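Next up is one chain by itself, shown in structure tokens, the form predicted on its own.
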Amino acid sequence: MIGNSGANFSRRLKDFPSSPIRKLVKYADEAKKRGKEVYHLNIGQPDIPAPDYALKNFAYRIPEVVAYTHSYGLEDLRRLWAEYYKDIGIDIDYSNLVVTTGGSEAIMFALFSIADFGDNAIVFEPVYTNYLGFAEFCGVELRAYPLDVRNGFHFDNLNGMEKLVDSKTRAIIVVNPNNPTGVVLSREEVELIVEFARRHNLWIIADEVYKEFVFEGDFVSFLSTGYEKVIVVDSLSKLFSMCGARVGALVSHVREILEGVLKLGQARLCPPLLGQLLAIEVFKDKDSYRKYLKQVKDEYRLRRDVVWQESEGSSEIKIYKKPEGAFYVVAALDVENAEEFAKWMLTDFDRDGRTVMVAPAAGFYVSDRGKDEVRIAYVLNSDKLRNAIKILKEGVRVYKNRG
């Protein structure tokens, strides 16, 4: 039994934001105990198996002693990962890449490396929610440049961003392709961000973990822009359905950043050995991983189209622009408070024993916007996804007409 100890806790612990992706989990668990089937559209956990060729080979690589590795990560993995980058047209050396414990650690290392307590960074909102938590952890204020769901979260200028900059502004944070919106930045948008960063001598922290999942347009990496003050966050979690392996990377051309990150890496000792060994097996067979990524991309495009088709013309779920990448979309619902609605879907609603869990989008905003929006992760197969969107639409109708 968990009791109240009466102890005093840190302000940071009390103020640390809850994850909008996981905060309703207890209601989903209770719904399942009551016998309901819950369609999880709240979390970016792919249902697609990891590469089978890598899993088979990995079984023979597990050592008798699961030992520490270098704080930078295994050199074999770093070399293979750098070769992958060159294969997609980004010229880096393995020494430019540090293996991290998932992309989450790369986010924290990046923020810690370029900002002190009391400094600030600019984010385009909505933004991947973990940036809010890690910014709080690192003592960095996030300043929001708002993008509009009705414009599909795109922009043709950065008017108004100047007012967010002061003497303590250190960086612009960009997620491309975007979680939670599914937006892929155009070359013109990338150039606008680079020009702004250059003018104000700011770092760009570019989260590019979904770069392989682009359905329309072309992916432009900030590493290829010629601007030096770039730190890229990468991860194998979603690319290869290896979320639990916890293998990410921080990439930069700036030697001082990499040397500083080594000290942070030494403090946490090393990234996980078994995850790195699995990643080596993934990257060793280029033909196989390219085939795998193409199949996965095609599958997510199909699922994206299902969400778009099932919501198109709907008054209950409004998606203003078809998402161009990743496997997420932010939709406006015909409700005032999406979080209360999402909770109600789990506690009070089902159709034929099935209900849907979504992530309230307000948790992806720094400001108080997004209260009528949700993030949908299309990580279920097409049949389940089609059914889930139909249930979600019906849920909105019933919720609005309830007594």
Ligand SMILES: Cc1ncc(COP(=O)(O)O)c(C=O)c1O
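Residue indices: 1-based, along the sequence shown. Everything numeric here is computed off the predicted structure, so don't read it as measured data.
One more form of this protein, predicted in complex with the ligand, exists but is not displayed; see below.
- Under a 4.5 angstroms non-hydrogen atom cutoff, the ligand in the model of the complex lacks G275 among its neighbouring residues.
- Contact between G102 and the ligand in the model of the complex is found at the 4.5 Å heavy atom cutoff.
- When contacts are judged by a 4.5 Å heavy atom cut-off, F219 does not count as touching the ligand in the model of the complex.
- A residue is said to contact a partner when one of its heavy atoms sits within 4.5 Å of a partner heavy atom; R143 fails this definition for the ligand in the model of the complex, lying far away.
- Interface residue among F213, W203, Y328, F109, judged by heavy atoms within 4.5 Å of the ligand in the model of the complex: Y328.
- Note on the partner interface in the model of the complex: the residue among S311, N120, N96, S237 having a heavy atom within 4.5 angstroms of the ligand is S237.
- From the list 175-183, 145-153, 261-269, 78-86, the contact stretch for the ligand in the model of the complex under a 4.5 Å heavy atom rule is 175-183.
- In the model of the complex, the ligand lies within 4.5 angstroms of at least one heavy atom of each of the following residues of 201-231: D207, V209, Y210, in sequence order.
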